[in-house]
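Next up is one chain by itself, shown in structure tokens, the form predicted on its own.
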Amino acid sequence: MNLNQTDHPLIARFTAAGQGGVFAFLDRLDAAQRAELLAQAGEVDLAEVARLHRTLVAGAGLGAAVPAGIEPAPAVPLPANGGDPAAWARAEAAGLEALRAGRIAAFTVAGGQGTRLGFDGPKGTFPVTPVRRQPLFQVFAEKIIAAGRRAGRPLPWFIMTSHQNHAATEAFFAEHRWFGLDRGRVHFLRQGRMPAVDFDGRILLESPGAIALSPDGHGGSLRALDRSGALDLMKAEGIDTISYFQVDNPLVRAIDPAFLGWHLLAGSEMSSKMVPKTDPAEKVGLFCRHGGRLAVVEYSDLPAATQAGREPDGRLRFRAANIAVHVLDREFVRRLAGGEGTLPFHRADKKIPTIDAAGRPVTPAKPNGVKFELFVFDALPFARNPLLLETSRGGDFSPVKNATGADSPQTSRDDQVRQWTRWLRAAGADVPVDATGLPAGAIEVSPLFADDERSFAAAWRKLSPPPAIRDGLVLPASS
């Protein structure tokens, strides 16, 4: 089979756009390899690639400077930090009402692999809990089941995978019988991909029969929701509000009634949670305000002196750290995905494995091209009535990103144990702890037993007599 630009319109379009090199080795490929290459090329928006090269590579370089005049973003404080307890109670009631009405869906961005953890498989399959070593997906599934029980109805769960891990993720759910969820309430969608380009804007090949494609970033989740038909499915089922979280954070309140209620009562199109930044050097994006709009600025884009600035009371001035937990209005997502207020792409210079003019593999020693990504928090400036809400780090945020050190499996497991120990002590259990809040024995509490301090206290009171806590405690399900 001999394909050329005269007998295939896709090849002709690439050639006309100056990207004919994608098909330079077509005559070496068998029929299956040709079909796969053509399918990959069909994913590429050539006009978008040309625009991104013009604006981000040939034009603006690594990106524009942070605009002058940015200010710290105000957040609704927790009651423990001066927030109005009555307002928080009203928000929680409004969130529970929305859950009972079937207006809420959970949405997990789960396209990553466990490579940085030294783990072979989708990150959501990583064993994250301290005793039973339950995978991240099971933790979230149990939280969603618990929230559904509280609402009196099962909740839908949308999960964005990647081309790399889609099949493995679906197989993992099937192997674990959907973690007790109704199969019909779990929906998978694939993240989009973007081609990498060299510094002259030419699309790179990773092999003679494959384009160098990579996921389009967590901001691509909004386009994926639209293109997959998930938004239409939500509309048909009466779902208008999406609880967004990423797969690496086992402490997350996957379905938080108070957060949902604050969002709905404010008439917000996008709301976000923040935790106070621990120190100026912490590598987290920061919520800011500029020109009256809420936005996130990456830590690497803020001058060190700005990050170190403090209020008269000693707190960091820019302290609202982004933890990638949001609530989104369904039709707001549709508007953005459809082009209104399109999210900006970000440029990342990378060492991209590719091939030379003879088709031989090349492993670059320095960056040889550019990848393009979308960030979900860039939607905030386009949202009506955006809201920023404070949450506690120990109760909502302990990600698993690195194999060792900060944000590692060990730090996350310790944080999980600290949370459950606080619940036990608040319920009246005698649990000695060290200076960091850790008990001597191993503790694990399934969300099916309790998923917050209040539900834990209620479930604990039902245990008669309460279990002894000596070498540890495991509470896998509610009695």
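Whichever C-alpha set is largest while still superposing within 1.5 Å between the two forms counts as the rigid core. This structure is a prediction, so every number in the text was calculated from the model and none was measured. The first residue of the shown sequence is 1; numbering continues from there.
What follows is about the form predicted in complex with ligand UTP, which we do not show.
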- Answer yes or no: in the predicted complex, does ligand UTP come within 4.5 Å of a heavy atom in every one of Gln191, Gly217 and Asp248? yes
- Query: Heavy atom within 4.5 Å of ligand UTP in the predicted complex: which of Ala110, Leu225, Ala91, Leu136?
  - Reply: Ala110
- Only hit among Ile104, Leu336, Ala147, Met160 for heavy atom within 4.5 Å of ligand UTP in the predicted complex is Met160
- Do Lys123 and ligand UTP share at least one heavy atom pair within 4.5 Å in the predicted complex? yes
- Message: Taking ligand UTP as it sits in the predicted complex, is Arg153 near enough to touch it, meaning that at least one heavy atom pair lies within 4.5 angstroms?
- Response: no
- Query: For Gly285, is any heavy atom within 4.5 Å of ligand UTP in the predicted complex, or not?
  - Reply: no
- Query: Is the gap between Thr115 and ligand UTP in the predicted complex 4.5 Å or less for some heavy atom pair?
  - Reply: yes
- Item | Location of ligand UTP contact in the predicted complex, chosen stretch of 235 to 243, 115 to 123, 291 to 299, 306 to 314 [non-hydrogen atom, 4.5 Å] | 115 to 123
- Using a 4.5 Å cut-off on heavy atoms, which residues of 398 to 416 contact ligand UTP in the predicted complex? Lys401
- Message: On a rigid core superposition, would Lys235 pass a 2 Å threshold for CA movement between the shown form and the other one?
- Response: no
- Message: Tell me whether Gly285 is among the residues that move between the shown form and the other one (Cα shift of 2 angstroms or more, core superposed).
- Response: no
- Query: Superposing on the rigid core, do we see a C-alpha displacement of 2 Å or more at Asn81 between the shown form and the other one?
  - Reply: no
- Task: Pin down for me whether the Arg133-Gln113 Cα distance shrinks or grows in the predicted complex relative to this form (closer or farther, change of 3 Å or more).
- Result: farther
